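We begin with a single chain expressed as structure tokens, specifically the form predicted alone.
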Amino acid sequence: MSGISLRSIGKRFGETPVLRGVSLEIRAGEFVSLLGPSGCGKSTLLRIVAGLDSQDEGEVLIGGRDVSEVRPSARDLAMVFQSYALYPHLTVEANMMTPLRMRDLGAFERLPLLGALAPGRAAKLAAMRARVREVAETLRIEPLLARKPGQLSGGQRQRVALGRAMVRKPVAFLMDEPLSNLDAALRVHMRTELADLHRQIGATFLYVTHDQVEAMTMSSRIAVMLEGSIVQVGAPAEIYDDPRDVRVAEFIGSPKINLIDAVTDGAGQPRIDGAGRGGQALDCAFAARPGAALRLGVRPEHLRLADPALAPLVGRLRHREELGAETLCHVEVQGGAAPLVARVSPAAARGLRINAPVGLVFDLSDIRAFDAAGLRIEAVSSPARAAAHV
């Protein structure tokens, strides 16, 4: 296995920039996900790493070697596609053997009839079959080796595609949304399978997805891509808890983070105007000039229901979603552009009716503040109380 280094990768399609100076370090044995919405450039970046597309500027290094001018077959990478790309007329065993035949057999040895006369060919084929069966045992698809792709389920085809990539023992695996064609239940199962596989073989994985749940549950680190740039790189918990950009905060999390408009006073304390009783300064301060506009981010699970007579954030219940173990309460707050969503227990929401007045509170430590440009602003003083409510 080898690490992958991307240094200032740029790519344009005509006059349209697709990648803007993308740099990323992927350590050997790491599972890194490129996460972003459709059109952000993540699949283009993956194809550049694989050598299927060429960058206009920058370098791609694999194992410390610059492979920018190296053809795809010589990069020793394995790519798993969204469509699986299995040969429908070949058995599972033959599909998995194909990359080995192309790599280890000469042109004469690959001939259908005359190739059998080549010395050493039988031994090579025996070694290939042994390798295929070894990988099939790892993926638990041994009973499928004699079947053809049309006789397999979606999850079985996914395992075969993975097996075909694994037999070559590549230095890294590149995966382009490989679970997107599966139904919801099977995607959940295959997420566990992929995470277990990564732990088992310890290979380098570069995984492209638009599904934040896939990225959060499988990755060592996540690189969030937006508009052709990597905006933030970090462990899943870091990306979720400490977003450095409001776009990252909104993209990660479901339901997405609540954003509340505020303005700083002379002490740098945010004041929530139009969302309660005349606006109240919070007992915390941020590095912003007086009168600066802020957006305060609070995750749905950090909002709690309270008595409207006591809570400074007051609104009306517009909608509730009963999800069994939890209830999502959509609260329309005066002056808010969109309802705030609180994730609460069913017991906390019991008895609430649509249009009923609702108060909301949260801990000051759960606030994430962003400036007018969407960049994270750090707190410059701690809350006066360890568990203060607003």
Partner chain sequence: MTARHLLPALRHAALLSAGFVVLLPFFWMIATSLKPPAEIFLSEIRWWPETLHVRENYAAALEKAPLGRYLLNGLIVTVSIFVLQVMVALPAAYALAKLRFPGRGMLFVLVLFGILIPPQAIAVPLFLLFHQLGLLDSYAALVLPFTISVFGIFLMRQFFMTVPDDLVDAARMDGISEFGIVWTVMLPTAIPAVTAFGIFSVVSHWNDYFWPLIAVNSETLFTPPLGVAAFRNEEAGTDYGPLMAAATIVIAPLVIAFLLAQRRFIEGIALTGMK
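None of these values were measured; they are calculated from a predicted model. Numbering follows the first chain given and starts at 1.
Form predicted in complex with its partner chain: not shown, discussed below.
- Segments offered: 283-291, 69-77, 258-266, 113-121. Contacting its partner chain in the predicted bound form at heavy atom distances within 4.5 Å is 69-77.
- Residue 32 falls outside the set of residues with a heavy atom inside 4.5 Å of its partner chain in the predicted bound form.
- Among residues of the shown chain, residue 83 is one whose heavy atoms approach its partner chain to within 4.5 Å in the predicted bound form.
- Although the partner is absent here, residue 164 lies within 4.5 Å of its partner chain in the predicted bound form, judged by heavy atoms.
- Residue contact check for residue 150: none of its heavy atoms lie within 4.5 Å of its partner chain in the predicted bound form.
- Within 4.5 Å of its partner chain in the predicted bound form, a heavy atom is found for not a single one of 7, 21 and 63.
- Interface residue among 102, 130, 213, 201, judged by heavy atoms within 4.5 Å of its partner chain in the predicted bound form: 102.
- Of the candidates 156, 98, 138, 232, 98 is the one whose heavy atoms come within 4.5 Å of its partner chain in the predicted bound form; the others do not.
- Applying a 4.5 Å heavy atom cutoff to its partner chain in the predicted bound form picks out 47, 50 from 29-51, in order along the sequence.
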